[in-house]
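The form predicted alone is given below as one chain in structure tokens.
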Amino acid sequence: MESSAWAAWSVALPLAAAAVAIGGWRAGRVAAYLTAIIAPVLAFGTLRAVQEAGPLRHPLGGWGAPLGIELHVDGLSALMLAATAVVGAATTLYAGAYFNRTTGRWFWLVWLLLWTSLNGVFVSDDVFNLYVMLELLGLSAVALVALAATRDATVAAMRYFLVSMAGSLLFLLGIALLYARYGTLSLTLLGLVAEPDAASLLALSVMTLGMMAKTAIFPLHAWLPPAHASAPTPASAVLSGLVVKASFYVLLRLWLQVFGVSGGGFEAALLVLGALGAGAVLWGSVLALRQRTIKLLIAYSTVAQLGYLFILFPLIAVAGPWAETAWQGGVYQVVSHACAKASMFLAAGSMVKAVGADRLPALAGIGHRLPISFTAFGIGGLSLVGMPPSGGFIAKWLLLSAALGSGNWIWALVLVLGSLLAAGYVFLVLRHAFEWSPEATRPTHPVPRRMEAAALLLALVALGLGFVAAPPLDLLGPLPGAP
């Protein structure tokens, strides 16, 4: 296979599987399992190709920019493809035991379409193609929430749909402004010609607002916890672990690749984004501590953990090597959080299935009855806290080093407080899992081992990212847009 074709196959594989899934439950399950086996091979093959040959470009149909659609894979997109493949494979394994022909009739089709759109976002080098993939992603995500078929899920899905559509319309408005100003939709070409004039800044502003709504950054986060908590467990895992990262990925491309904000001139805007991130870290953590159901607690922790990603923005504005350190830490937080958070949702789903309730007191003693799920939740939670030797520790250490090294003490304080608060809500669940109560003596419902294995697999990956950080960080390369 030509190295440039890796990007096309990453989209074609789940799309072909989705077409097969139209044939029904059994066909969809077989297609999803095959995708779960092949996708990691493609993703890590792409990683290897980028390591050996540098960024890859693939013009669809032989027509590249500016006339055609071009796919592009660099270190950032290769890492996102790999994270999606790993989380996607584990989620597919879990979903095969979680759903049956009745409860999961449409799951495989929607899930494979969502997988297609995620990969499409990560390899697109065309802003309109990004819009199309984001639309497909949003519709698929809303459908996954609605699959729970409860009143709460339906209401949450409708709110998600409205927010997603509003974000997409803002993004489309920005695309129109950029095309009217520069006559091209290619991210690469826009990065060469874009200037900080009024039309461009307006486009950047409305596109940023749209992606912030989709990412659910504070204070635009209210739709996320109900949607992620009420969705079926496999959907919750991919929504919190992957879907909200797609819009953040688009923000990185816009701010760094197109406008090169790390080169200076955008300091005030970057400080605003950092302040919103700090608000998310603190407010999301406080709300997570106040929850009394496990899935809502994990969902609010997603709001908090997304805040760390936005603290990246003011840190990349500093001069010197600390900007690149922050860049590496922010991207590694995306990858490690994807695995850890998906693991926690899958483990929580197994525990809820066992006891038949998601209230924290109902989980009393579950650590003794479901030790594998308990271990997976604990390892994933410790990665969120930033405990060594996990991937979360590497990510937060890099961000903290950048903040302290550049003299930005306020961001360092937020990072430390956020980790302490994260420890509070993680250990809140662990305490309930070990304590004794009358409910702890009730019999549990059987939980298939592959459901527990899927959660443990992702937890071990989140832990293992702390041991293999050097190659992924080297793959990222220099900070885009740096002078």
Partner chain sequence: MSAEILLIVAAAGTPLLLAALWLSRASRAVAVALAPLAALPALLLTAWPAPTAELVLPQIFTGIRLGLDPVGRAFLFFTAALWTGAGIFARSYHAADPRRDAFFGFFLLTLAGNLVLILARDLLTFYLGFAAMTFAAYGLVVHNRAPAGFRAGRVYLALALAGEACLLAGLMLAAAHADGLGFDRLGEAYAAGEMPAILPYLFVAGFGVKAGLVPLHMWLPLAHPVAPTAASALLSGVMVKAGLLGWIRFLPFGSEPLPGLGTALIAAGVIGAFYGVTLGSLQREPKTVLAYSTVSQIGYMTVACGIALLSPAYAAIAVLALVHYAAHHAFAKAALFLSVGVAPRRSHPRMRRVWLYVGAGLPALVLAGAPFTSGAAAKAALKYAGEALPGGWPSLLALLLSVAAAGTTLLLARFLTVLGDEGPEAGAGAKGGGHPPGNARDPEPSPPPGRWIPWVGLVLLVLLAPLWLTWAYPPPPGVVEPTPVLGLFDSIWPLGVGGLLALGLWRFKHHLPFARAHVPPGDLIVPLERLATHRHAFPVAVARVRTGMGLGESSRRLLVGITRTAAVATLLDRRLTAGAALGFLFLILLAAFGIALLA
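These numbers were taken from a predicted model, which means no experiment stands behind them. Positions refer to the first chain, counted from 1.
The following text describes the form predicted together with the partner chain, which does not appear among the structures shown.
At a distance of at most 4.5 angstroms from the partner chain in the model of the complex, none of the three residues 12, 15 and 25 contributes a non-hydrogen atom.
Between the options 189, 220, 362, 252, the residue in contact with the partner chain in the model of the complex by a heavy atom within 4.5 angstroms is 220. With the partner omitted from this view, the residue of 194, 355, 163, 97 that lies near the partner chain in the model of the complex is 163 [heavy atom within 4.5 Å].
The closest heavy atom approach of residue 273 to the partner chain in the model of the complex falls within 4.5 Å. Under a 4.5 angstroms non-hydrogen atom cutoff, the partner chain in the model of the complex lacks residue 257 among its neighbouring residues. In the model of the complex, the partner chain lies farther than 4.5 Å from every heavy atom of residue 107. For residue 87, no non-hydrogen atom is located within 4.5 Å of the partner chain in the model of the complex, even though that partner is not displayed. The stretch among 196-204, 344-352, 89-97, 116-124 whose residues place heavy atoms within 4.5 Å of the partner chain in the model of the complex is 196-204. Shown without its partner, the chain has 283, 286, 287, 290, 300 in segment 282-305 as residues with a non-hydrogen atom within 4.5 angstroms of the partner chain in the model of the complex.
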